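A single chain comes next, written as structure tokens; it is the form predicted on its own.
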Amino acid sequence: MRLVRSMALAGALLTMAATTAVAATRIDFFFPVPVDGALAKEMQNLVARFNQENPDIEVTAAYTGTYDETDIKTRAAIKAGKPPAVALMSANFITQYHIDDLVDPFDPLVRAEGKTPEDFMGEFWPALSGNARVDGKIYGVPFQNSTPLLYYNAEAFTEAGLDPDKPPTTWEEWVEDAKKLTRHEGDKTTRYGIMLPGTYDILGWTISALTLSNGGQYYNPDWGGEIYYDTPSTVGALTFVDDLVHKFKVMPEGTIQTPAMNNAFFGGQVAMIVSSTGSLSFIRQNMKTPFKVAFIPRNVRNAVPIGGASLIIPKGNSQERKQAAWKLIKWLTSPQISGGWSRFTGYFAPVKAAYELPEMKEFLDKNPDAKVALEQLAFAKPWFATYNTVAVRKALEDEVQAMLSGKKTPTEAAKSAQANANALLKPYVDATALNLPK
């Protein structure tokens, strides 16, 4: 009799377990890894932890490549009627997703918990709001965020007679330091003073940073149909980059892919590079000589674009999946989880409360270089976001690459980029600003 009861109990437990498994809401989570490092593995670890802590939800995390590749795969999944419940999307793609009606707003989910959207966004750094909200609604929750930084080899500075505690703060100082840091052996340059990344996406981001620091605007942040590629501030930024290569010869000619730039920095073939704060942990792990980080030098003002990614809920998900997605998003952006992700990657934590945690304070005391991007937030602007964002961005990047190879002047590159971008923006312009009442 006891055996029968034991078997019955075991059967009941198995039935309960099976029922629980069936009841679990299954959702997919698309995430990119746009910078170097072991981020993909760590994200899988985080999702496994979430699943363990939340048995009512089963999240399948899918690594989807770069930001641009994640955009393509997310759009394809939505079109196929199988959207992920959550996607970690480049923050500057959210405007396009809203224009295309491919993303759901978070405002109803926020209000259902008794908060206003303003209260919710107030938990994040103010500089992040520009790329999170479109037409007054929240379409992206900030998760991994960045600003571009100047990384420099401290030993090379000392060797060149420069003070490693006094990095260049202006373009003029930047050029002068780069000249001193550039080293030649006969006709061969054995160390360049500076390298800027030429890879798609980060190239446009870097040029937008220089345009902003030159006193300009890269695009109209209030309307997705206007960009400013041929304005004096952008042409001035392009001229500065062109001069680094062809006039001062402190940067090699041609397009420098990000991995090659990183390897040159690690190997001592370049003394200064511009890269994301999201690369900080990767560089810290791989740079064998002392290095430091600093603000992007200014010409007219200190100003940089926000970078990184936000969490979105694509269109086409059931209410049950939306609720599960919202639970995952709140968990990922909690102070503890976002703070841990910041310490692991180098991205700054978007949630202000993360920096009140004892472990975060201890980490910043031991790693003061992690404070620089946070301090640069005071000068951060929204990231380039327009209709047809990727193609419009590449319209400039293609021209900059031609300029870097000596095939076009800065003015020629800017004019061609503007013309190509205007053609790409025309459908949106015609449908909005030029669609006047009869």
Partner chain sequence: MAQALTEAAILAPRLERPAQARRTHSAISTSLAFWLLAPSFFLLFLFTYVPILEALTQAVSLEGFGGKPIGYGLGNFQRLFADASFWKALWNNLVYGLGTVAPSIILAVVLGVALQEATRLNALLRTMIVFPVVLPLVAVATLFAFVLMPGVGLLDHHLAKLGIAATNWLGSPDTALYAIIGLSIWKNAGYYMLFVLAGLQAIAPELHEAAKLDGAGPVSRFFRITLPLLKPTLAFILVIAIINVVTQIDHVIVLTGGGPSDSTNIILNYIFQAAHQQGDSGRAAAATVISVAALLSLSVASLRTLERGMHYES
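Just so we're clear, the structure is a prediction, and the values are computed from it rather than from any experiment. Positions refer to the first chain, counted from 1.
What comes next is about the form predicted together with its partner chain, which is not displayed.
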| property | result |
| --- | --- |
| Contacting member of 121, 150, 260, 337, with respect to its partner chain in the predicted complex [4.5 Å, heavy atom] | 260 |
| Answer option from 362, 155, 320, 253, heavy atom within 4.5 Å of its partner chain in the predicted complex | 253 |
| Residue stretch of 49-57, 409-417, 367-375, 395-403 approaching its partner chain in the predicted complex, non-hydrogen atom distance within 4.5 Å | 395-403 |
| Heavy atom of residue 67 within 4.5 Å of its partner chain in the predicted complex | no |
| Residue contact check: residue 390 to its partner chain in the predicted complex, 4.5 Å heavy atom | yes |
| 4.5 Å heavy atom contact, residue 200 to its partner chain in the predicted complex | yes |
| Exercise: residue 302 in contact with its partner chain in the predicted complex, heavy atom 4.5 Å | no |
